[in-house]
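Given next, in structure tokens, is a single chain: the form predicted alone.
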Amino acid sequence: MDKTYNHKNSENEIYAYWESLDLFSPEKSYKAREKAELENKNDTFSVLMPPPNANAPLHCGHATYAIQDIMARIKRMQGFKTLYLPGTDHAGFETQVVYERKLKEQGKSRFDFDRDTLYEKVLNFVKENSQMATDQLKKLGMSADWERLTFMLDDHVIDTVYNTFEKMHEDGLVYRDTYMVNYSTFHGTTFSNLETTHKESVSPLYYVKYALKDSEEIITVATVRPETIYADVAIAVNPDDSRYGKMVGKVAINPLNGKELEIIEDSYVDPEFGTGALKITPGHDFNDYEIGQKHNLPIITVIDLEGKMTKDAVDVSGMYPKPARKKVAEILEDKGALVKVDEKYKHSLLADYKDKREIEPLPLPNWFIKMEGLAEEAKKVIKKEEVKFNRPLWKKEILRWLNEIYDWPISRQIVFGIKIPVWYDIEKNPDLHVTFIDQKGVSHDGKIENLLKNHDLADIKEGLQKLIAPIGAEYEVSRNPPGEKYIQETDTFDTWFSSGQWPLTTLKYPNNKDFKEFFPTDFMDSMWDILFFWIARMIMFSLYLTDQIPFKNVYIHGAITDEKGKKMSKSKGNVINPMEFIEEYGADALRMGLVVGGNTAAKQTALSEDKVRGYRNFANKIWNMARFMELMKEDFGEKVPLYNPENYKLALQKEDKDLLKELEKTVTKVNEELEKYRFADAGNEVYHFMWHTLADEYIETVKDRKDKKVALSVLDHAYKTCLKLLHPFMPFATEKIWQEITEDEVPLMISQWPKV
């Protein structure tokens, strides 16, 4: 053996060795164990890999995939026919954002291309970079069956997604409606409530007075958005607010456009906010929308999908809201309608979760899934613990969300994703709103009936960028155009709609052999932040389509922070690149530093470089133990027999018996901890036994033993047992050592798991 363990050489060498034997295949590893006359079970064990973005480098959170790999390696060694199933996500919105940044560097934007051309460009970009994620996962030691890898835009995935949508449509679970959505004018798409966050802001609060019709009276409202006054449809006051009781039922005059606004009562209005009077703008505020629905008020929008003021905002048409806000304030002041401005008003702004850019509440046509019935079925299996969670907290949280569930808007106004298979007849729907780019690169926008006066339908289809159909539009659900005069919906499915079917698409539901053999899967690992996004939806989809749960056990791990417990961010300069840690310390050290050195079951787990470095030293320690053991065997000069308790029953010394007793306790404890998914406790049991009991104590006694045959045999047995226990945590170093100290042709990764 070399004097020191070199992880840089060994890890690549060992992974290539595993791949050359094709042992990540459940069939091949099962047969290899059978050939070696190891115990095989009649049961399968399957783990699904949460799909990382196909075109992006891994971040520290992906190092938690070691948890899945640990489970797969243990079950493989226990004789289960084990499938660790990998995949990559198209990550529609995120991927398109990355590509749009690339376009910006070239002086271009998404608006320069029709949707089909842009889709192909993004897809080619993904394909060029698609190997990145899988290569890095291999460096982490993931023992996944890469021959079975699924990409979220594979044909069989799209087919399954279309089958599900068609079935849901037939079952009356799909509907289309105008809905107040979280719209990003920057990204050009909607976000679900789960995909939004709030950020604190200091903004001017404008106090604006409205004159009452045929009266000298005025009513003053406070607003941070005077530019939306053009879209006001009423003024509301609290019914218990005595200041305004006599004004209810009267009419106020909009100071910008002169329209009449009824003064109404609604208990939502907070008498303590501003003046206690609230302008109602259902087209640009969620709460106003609810009030508008309750009082049958009209909906007016004065901001379009590109984020600009519409022609209804006559004085600021074509401007973006922020400059329009200043302009409107000037207009109001000139009219004598601006009472005062509080420049230091603190409030909370709605923003998208990705870039923290402001969200514009807008009423848009959207495709929805009715969720109540689906949620009820999911609640049943969770309450019965047919799907078990590693902590009661997560069971409680997922049930809370399912109890408060709303219908799910599944359409997104982006290009890179799975198109919604819906078509509109242009003759039956002359008011389709269409945006397209002609062959000269000129963009055209308007109703289809007007555009067809100057353009051919074929040219419109070829250059199509966006289509918005009115709520009453007639449509047909079809994967192919029902006729020549049809245009397809340009919205794509929310990424979670397709990834929610991940257990089905990866196993190629419903007729593939893998689906019949490995479904339901056994173990699912995920971070808590997508408990609702993903875990809940996978359960609902699976029950809806198969009447079965998608997985039996869910392990929810925490967010990875820096060693001080701070969230990693580029601005703080504390982002840890897992590939840099692997280069410096090795994948084994990173896995141990995270899974054993931290507490992955907590909501946050710190990743300490000192701990990773410490486990690199541990890898060197166990290498030196093996080397020392081999040198002692050489000095002994005879072949050391394999340990057999029957042969050595009478010859064992007290220190041998004590060691074997401690080894038995360690094996028992490790198995107990792993049954409870206490990975850190299990890893620490092996670590402490090897470092202290074996290295610090027992090996020292062996040096002076006269009966070295017995002592070396016991040492060899204890050490190899520990290698097996440690292998799922530190697969590279343990496999490399195994090759050095055994003549066994059976790789460590499929050797027999220790049991008492």
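Sequential numbering from 1, following the sequence displayed. Keep in mind the model is a prediction, meaning the values are calculated, not measured.
The following text describes the form predicted together with the RNA, which does not appear among the structures shown.
- in the predicted bound form, which of the listed residues (E474, D610, E484, E343) lies with a heavy atom within 4.5 Å of the RNA? Comparing distances to the RNA in the predicted bound form, the residue within 4.5 Å is D610.
- Ok, K447, K633, K167, R391: which has a heavy atom sitting within 4.5 Å of the RNA in the predicted bound form? Only one listed residue qualifies here, and that residue is R391.
- Task: Answer for R616 alone: is it within 4.5 Å of the RNA in the predicted bound form, judged on heavy atom distances?
- Result: Flag for R616 set to yes.
- Query: Applying a 4.5 Å heavy atom distance criterion, does G276 contact the RNA in the predicted bound form?
  - Reply: G276: contacts the RNA in the predicted bound form.
- May I ask you to state whether A602 is within 4.5 Å of the RNA in the predicted bound form, using heavy atom distances? So A602 counts as contacting the RNA.
- Message: Whether S348 contacts the RNA in the predicted bound form should be assessed with a 4.5 Å heavy atom distance threshold; does it?
- Response: Although the RNA is absent here, S348 would touch it in the predicted bound form, with heavy atoms inside 4.5 Å.
- Message: Among the candidate stretches 375 to 383, 677 to 685, 414 to 422, 502 to 510, which one is within 4.5 Å of the RNA in the predicted bound form when only heavy atoms are counted?
- Response: Of the options, only 677 to 685 has residues within 4.5 Å of the partner.
- Task: Output the sequence-ordered list of residues from 400 to 420 with at least one heavy atom within 4.5 Å of the RNA in the predicted bound form.
- Result: Read in sequence order, the residues that approach the RNA (within 4.5 Å, in the predicted bound form) are R400, E404, Y406.
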